[in-house]
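Next up: just one chain, as structure tokens, the form predicted on its own.
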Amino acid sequence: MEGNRKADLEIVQRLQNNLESCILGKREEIKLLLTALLAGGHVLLEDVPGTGKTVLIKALARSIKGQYRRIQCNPDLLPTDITGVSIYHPKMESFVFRPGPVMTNILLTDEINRATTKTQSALLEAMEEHHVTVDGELYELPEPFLLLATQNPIDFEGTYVLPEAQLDRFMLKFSLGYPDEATEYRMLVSQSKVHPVETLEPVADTEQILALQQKVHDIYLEEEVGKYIVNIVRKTREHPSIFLGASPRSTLALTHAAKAYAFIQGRDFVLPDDVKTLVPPILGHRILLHSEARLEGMTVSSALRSVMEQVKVPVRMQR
């Protein structure tokens, strides 16, 4: 048993090292991405252009030897451009399904907020159910399936705001941000001849990732830590500055992610600190503030800090 755990951690470490060789100085953000992968969740990367979002996603697909597809969103993109379409085949005298780019392991939806709301909604079934329905026929997606969407927070012309229902289906939302001076120089040197992602070798395969996902389910969650998660989510619905609190789906997302995060840290049980780390990227995009609170200078981050201060942290751990 101990040997299996060590082998699992070696896979996680190799994945971490692979991604860090392409995106320098972003260890914590890469841990969040791996958390989503092992928890079976989806990620929304909101950042300015050129910070390495696409490179990170391509590096992940190469690292797990998974199928990778990219969708460049724009206003004339149709739902069938994502899910696929049935085309009439004259010789066969029947309709044949032509799969769309959603039939993959790693799907990059670039600038998702440039697609119309109708096209955005085509992703909802895939994100939640891991299948799509075309002309009444159901088509299962490959496993594992991970959707990573990007959006530019400073460019609003020709964009469509993501509805709350779709935001709630993203397990995590975070940004990479700019590198510091020393890291940016290391990046310059490392990419002087060839980009590291072009020479990246796989360090795992999709079967191993599926096995790790199953093991994440078995991570121990003490009753007090489970109640801690529930109390945090429920407190967001009672806070005076918050207009819309986090949904029950948030409770499940925080629980699954905390288990995956503990697994990445080499533990077989969840600590309250795991939950604290994951609250901002998991709940931040799921709550809405009252307009009065925003005018008074309240932000989502400060509201979540206030929520955390009001919830008692469990101190007794059995393991």
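One-based numbering along the sequence shown. Computed from a prediction, not measured in an experiment: that's the story for all the values here.
Omitted here: the form predicted together with a small molecule. The next part is about that form.
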{"query": "Whether I23, V55 and Q191 all lie within 4.5 angstroms of the small molecule in the predicted bound form by heavy atom", "finding": "yes"}
{"query": "Listed residue (H195, H217, K118, H89) with a non-hydrogen atom within 4.5 angstroms of the small molecule in the predicted bound form", "finding": "H195"}
{"query": "Interface residue in the predicted bound form among M187, V230, V85, V203, criterion: non-hydrogen atom within 4.5 angstroms of the small molecule", "finding": "M187"}
{"query": "Touches the small molecule in the predicted bound form: P99 (any heavy atom, 4.5 Å)", "finding": "no"}
{"query": "The small molecule contact at P179 in the predicted bound form, heavy atom, 4.5 Å", "finding": "yes"}
{"query": "Contact label in the predicted bound form: G50 to the small molecule, heavy atom within 4.5 Å", "finding": "yes"}
{"query": "Stretch from 23-31, 286-294, 36-44, 246-254 whose residues place a heavy atom within 4.5 Å of the small molecule in the predicted bound form", "finding": "23-31"}
